[in-house]
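In the block that follows, a single chain appears as structure tokens, in the form predicted alone.
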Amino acid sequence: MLSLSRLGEKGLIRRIARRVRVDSAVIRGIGDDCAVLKPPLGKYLLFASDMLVEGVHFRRTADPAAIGWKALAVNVSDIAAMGGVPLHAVISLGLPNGTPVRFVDRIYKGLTRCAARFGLNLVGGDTDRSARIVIDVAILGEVERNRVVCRSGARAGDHLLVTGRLGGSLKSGRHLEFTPRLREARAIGAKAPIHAMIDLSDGLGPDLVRLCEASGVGAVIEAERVPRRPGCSLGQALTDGEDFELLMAVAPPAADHLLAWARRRRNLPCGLTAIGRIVRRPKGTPVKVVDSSGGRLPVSLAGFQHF
């Protein structure tokens, strides 16, 4: 079995470069100190990064191709949440010295499959020895200047809409094979203005709190409207995290239009659900969850925290 210690860093980089394909926007890719890229014209650049750490985001027993898919897909989800399109990414790997080369090959199989699916280039990165497996991705995207969406634009009266269903992602293994809602974000943004948007990485509860804090508003979630995966409780839908669905704040007329459009399933097969509304910033916690009669439910909104 060929290991990294036998192949060496230069051999690993050459092996990776042979497997990566890029398009005409890349002037110089893997193999130099920096990638050289053609800039987009008349658009904003989007720049983000996300890291996966063994034992925190995945177990080594998982399929390496699924780990690679997830490493890039979580970054594509960040670009989607801003209303944009991914362009290029760099991949940095921290690997134990005895890691089998075929394990790295499988990671790159997942990375390149995700890159091909969403039309972006892998243009460089770094490799280092590490006590555990770490995959750090930095991604570059673009968005039209009139379509960029931040967390900070929600307004009192907006409806809260969410794609897909929530909860149980870690237990089911879906967190390793989810599909970023890039196509959905672009389609929704073309149909109606989105005031604010965030991808649900840490859970509906904590991520909605972040959106409210950025926008200086509050929110009310109607518990019975929250779309859940089969077998998941309300608490799991609120705090399990790793769903990577999109939560957005949209003006009422536009929200009604989007919901009617989404019900035609060929437009949005994952579904789109109204789960509540944006309100004026209250005292105390900005988000409350209510039952069908409007009574506040004593549920936790605290999702996973690294520190």
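The first residue of the shown sequence is 1; numbering continues from there. From a predicted model like this one, the values you see are computed outputs, not experimental measurements.
What comes next is about the form predicted in complex with another copy of the chain, which does not appear here.
Figure note: of the listed segments 119-127, 176-184, 227-235, 155-163, the one touching another copy of the chain in the predicted complex, with heavy atoms no more than 4.5 Å away, is 119-127. None of Leu46, Leu272, Ala255, Ala65 but one reaches within 4.5 angstroms of another copy of the chain in the predicted complex through a heavy atom, and that residue is Leu46.
Note on contacts: among Ile221, Val85, Val217, Leu93, the single residue with a heavy atom within 4.5 Å of another copy of the chain in the predicted complex is Leu93. Every member of the trio Lys10, Asp50 and Arg132 reaches another copy of the chain in the predicted complex with some non-hydrogen atom inside 4.5 Å. Contact check for Arg59: no non-hydrogen atom falls within 4.5 Å of another copy of the chain in the predicted complex. Heavy atoms of Ala260 never reach within 4.5 Å of another copy of the chain in the predicted complex, leaving it off the interface.
When contacts are judged by a 4.5 Å heavy atom cut-off, Asn97 counts as touching another copy of the chain in the predicted complex. Contact check for Val209: a heavy atom falls within 4.5 Å of another copy of the chain in the predicted complex. Residues of 141-165 lying near another copy of the chain in the predicted complex, listed in sequence order, are Val148, Cys150, Arg151, Ser152, the criterion being any heavy atom within 4.5 Å.
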